[in-house]
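So this first bit is one chain, no partners, the form predicted on its own, shown in structure tokens.
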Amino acid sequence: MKPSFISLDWGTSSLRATLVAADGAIMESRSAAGGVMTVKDRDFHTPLNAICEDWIDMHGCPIVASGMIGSRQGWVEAPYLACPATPAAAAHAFTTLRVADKVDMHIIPGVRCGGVDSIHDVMRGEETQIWGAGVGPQSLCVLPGTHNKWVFVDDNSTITHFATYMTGELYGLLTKHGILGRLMEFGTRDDEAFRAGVALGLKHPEQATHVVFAARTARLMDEMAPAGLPDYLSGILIGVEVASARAVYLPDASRPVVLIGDDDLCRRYEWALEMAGLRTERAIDGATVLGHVRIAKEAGIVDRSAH
């Protein structure tokens, strides 16, 4: 079957390319460590050609891209869509550039919203995952990662508002560049330590910077082995996040929270959310590519009648 477009999930640390057929089916997928932050001297052509130059030359089909490639650090900055945001609105707000005088690259816009006390929030890439996951109306989605997103979705996959929690980045900074990491041993997994950390974070979210220090004192007081400390700290931070978000956004406990993303991270959030009294469910796999297909249909790149 003839390809209709090349899907690019171009994030901070990785690049994933998928060749999509005219009916929206996946023909072939590839991945590489060619993320935006690894690109030198803004030479984005090199990682793009490395992963799919043969597809471009052979098929001449357009590219649909999302993620940090459309950020200020990316190839070109794509404007943000204001909430409420839909796949149709995204399809009519592409930022398009010509790649090597061969094909057009259509970059999907990010999404922005105003939060509590008019704090602004943004995301790039997660919106495409949500639109591809096909979540139902009145859903709360959690997308774990370096910058975790709590996203509210209404009818027709409309993103109404969302909030970002820098839990993943804080964990990296505290373990790699702070005193907490000095007593830790990495490389093993300790689920019991993680759950203990979650319990502490859930109990005292209003004292976040105080309870985080427990990741040091638990070792100094011989309450936990060095190998358990990384998971203990992870649990504390995720517990604080879940308790804080639950208090502000009051999710409906009768409806499952939809988890979208990496299996290991989603598993951790499953445990934390369930400890907080909330049910969870996993989104379908391959949500990013499915989101690209959905937006490409809205843009007329893929036949809307295809399934």
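We number the residues from 1 along the sequence you see. Given the structure is predicted, the values throughout are model-derived calculations rather than measurements.
Although not depicted, the form predicted together with another copy of the chain is the subject of the following passage.
Of the heavy atoms in residue 141, none are within 4.5 Å of another copy of the chain in the model of the complex. Contact annotation: residue 112 falls within 4.5 Å of another copy of the chain in the model of the complex, judged by heavy atom distances. None of the heavy atoms of residue 231 is located within 4.5 Å of another copy of the chain in the model of the complex. Among heavy atoms of residue 169, some come within 4.5 Å of another copy of the chain in the model of the complex. For the options 135, 83, 184, 200, the residue carrying a heavy atom within 4.5 angstroms of another copy of the chain in the model of the complex is 200. For the options 96, 156, 209, 188, the one in contact with another copy of the chain in the model of the complex, meaning a heavy atom within 4.5 Å, is 209. Contact with another copy of the chain in the model of the complex, defined as any heavy atom within 4.5 Å, is confined among 84-92, 127-135, 141-149, 98-106 to 141-149. Each of 73, 163 and 205 is positioned with at least one heavy atom within 4.5 Å of another copy of the chain in the model of the complex. If you take 175-197 and check each residue for a heavy atom within 4.5 Å of another copy of the chain in the model of the complex, you get 177, 178, 179, 180, 182, 183, in sequence order.
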